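Only one chain comes next, encoded as structure tokens, the form predicted on its own.
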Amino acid sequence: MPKTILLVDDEVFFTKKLAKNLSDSGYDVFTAFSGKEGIEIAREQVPRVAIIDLKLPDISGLDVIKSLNELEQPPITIMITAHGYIEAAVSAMRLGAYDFVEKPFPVDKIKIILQNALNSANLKKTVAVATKHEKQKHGIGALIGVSPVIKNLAGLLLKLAAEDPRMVLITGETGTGKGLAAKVLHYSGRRAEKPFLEMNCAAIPENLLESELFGYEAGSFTDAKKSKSGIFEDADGGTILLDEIGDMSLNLQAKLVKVVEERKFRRLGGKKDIKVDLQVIAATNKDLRDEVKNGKFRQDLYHRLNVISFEMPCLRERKEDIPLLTDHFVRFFNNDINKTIKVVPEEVRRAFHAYNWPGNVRELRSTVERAMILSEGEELNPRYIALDLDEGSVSLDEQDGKMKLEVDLDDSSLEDIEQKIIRKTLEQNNWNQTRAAGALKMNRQNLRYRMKKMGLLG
């Protein structure tokens, strides 16, 4: 029950009077006149808030709080006493008590404290539910695949999550899932209930990025009318993902060194250091070693970032995962855009397997999304699968035995068109030359001659 209150106090007249007053205000109140009785009622009734007297006839109110904290759904506790012991108040707070009130107190005061306590409990519950959802969404199961590289990556992330490294560098091509790996690392570790904040270093101008990262004091620049915390401050206790860190300016890189090394920084215009407890994850699709050699990335920052590093595998290196990823995205978009796709045709799966996916998992997701938006019924329509191949734009459409091929006639000779048709037919037949030759109405020897001429053998 959301407004259930437990009163534990051996002063019978005071307790009954307070219980009636709270009942008249809409609370469901249970009373106990000893510590053990209060613990027993709490186990049965599961109150949201327990108001406990420090001095009880059998056990201390502090002992009651300890016992209530061990329950599956512990209530918020408020300690009351007529003695005003500061030491007792401190002890109660250390045990997690929400507040400490000295008798006698106005009933209105305890009502305000109760309402604030319930609001706090509701907020904590909301945060807990959101955290649980994020853990489920970005747990280790978010890494979809059966390939050895994905299995190894999952094992590495679980190990790192248990160790809680202060600095992690994630590299890999665009679209491989570096941001997902960062979230898996955060939500699988001890910081899961703390903030996870992300900043794209390439998407924000340098002067704005600096203030977003470090915050600023009032008057530090023309429009700074009041102080503002930055993302490093807001993420205290949690994790910050610095995406595309290879695009950060050298000036900001110099300021980042201190944050990464000492977990200290100053706001813009600030005069004192702010210390934070952070896990910093940096991600980039650039080779930072080359960037260092070319003078585009600071060597000292690179060495501090590169304590723990790993590379996200590209999709062409884990093609056995493409069917699982395809089915995952179909399920996701069925729910997201209210579709009922149940069948992915075999020719689509063959084309997906043959394609090299330069945009990696992100490109696969976009390809499936587009086809699902345009498809009707329960089958993913091949005519809406468009893959951006280097040799020309090929749209898959095998209905009625037709292949749809889009070429720019100003740039394509007859030989170019022939090569595109042969390559596409081979891809659709999983590079089985006998089947491809049959589809092209030619003998296998003739096909091999043309493949050799075009450099498609081997």
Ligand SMILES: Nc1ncnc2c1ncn2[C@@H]1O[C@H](COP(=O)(O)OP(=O)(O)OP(=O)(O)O)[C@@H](O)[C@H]1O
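For every residue, the number given is its place in the sequence shown, counted from 1. So that the term is clear: the rigid core is the largest set of C-alpha atoms that superpose within 1.5 Å between two forms. Everything numeric in this text was worked out from a predicted model, so none of it was measured.
Absent from the display: the form predicted in complex with the ligand. The rest refers to it.
**Request:** Name the single residue among L118, A142, V260, I322 that comes within 4.5 Å of the ligand in the predicted complex, judging by heavy atoms.
**Result:** Contact with the ligand in the predicted complex is made by A142 alone.
**Asked** Considering the ligand in the predicted complex, which of R298, K194, K228, R318 comes within 4.5 Å of it through any heavy atom?
**Response** Contact with the ligand in the predicted complex is made by R318 alone.
**Message:** How about S309 - does it come within 4.5 Å of the ligand in the predicted complex, if we only consider non-hydrogen atoms?
**Reply:** Output for S309 is no: heavy atoms all beyond 4.5 Å of the ligand.
**Message:** Given that the ligand is not shown alongside this chain, does H186 nevertheless sit within 4.5 Å of it in the predicted complex, heavy atom to heavy atom?
**Reply:** Flag for H186 set to no.
**Request:** May I ask you to state whether F329 is within 4.5 Å of the ligand in the predicted complex, using heavy atom distances?
**Result:** It does: once the ligand is placed as it appears in the predicted complex, F329 has a heavy atom within 4.5 Å of it.
**Message:** in the predicted complex, does G179 come within 4.5 Å of the ligand, counting heavy atoms only?
**Reply:** Yes - in the predicted complex, heavy atoms of G179 and the ligand come within 4.5 Å of each other.
**Request:** Sort through 371-379, 346-354, 230-238, 142-150 and report the only stretch with a non-hydrogen atom within 4.5 Å of the ligand in the predicted complex.
**Result:** Answer to the contact question: 142-150.
**Asked** Is any part of 280-297 within 4.5 angstroms of the ligand in the predicted complex by a non-hydrogen atom, and which residues would that be?
**Response** Counting only heavy atoms within 4.5 Å of the ligand in the predicted complex, the single contacting residue of 280-297 is N285.
**Message:** Please determine whether the C-alpha atom of R94 is displaced by 2 Å or more between the shown form and the other one following superposition on the rigid core.
**Reply:** Where the cores coincide, R94 still shows a C-alpha shift between the shown form and the other one that is 2 Å or more.
**Request:** Answer with closer or farther for the CA-CA spacing of R94 and E233 in the predicted complex compared to the shown form; it moves by 3 Å or more.
**Result:** The answer is farther, because the C-alphas of R94 and E233 separate from each other in the predicted complex by 3 Å or more.
**Item:** Cα-Cα trend for W431 and L364, given that in the predicted complex the distance shifts by 3 Å or more
**Value:** The answer is closer, because the C-alphas of W431 and L364 approach each other in the predicted complex by 3 Å or more.
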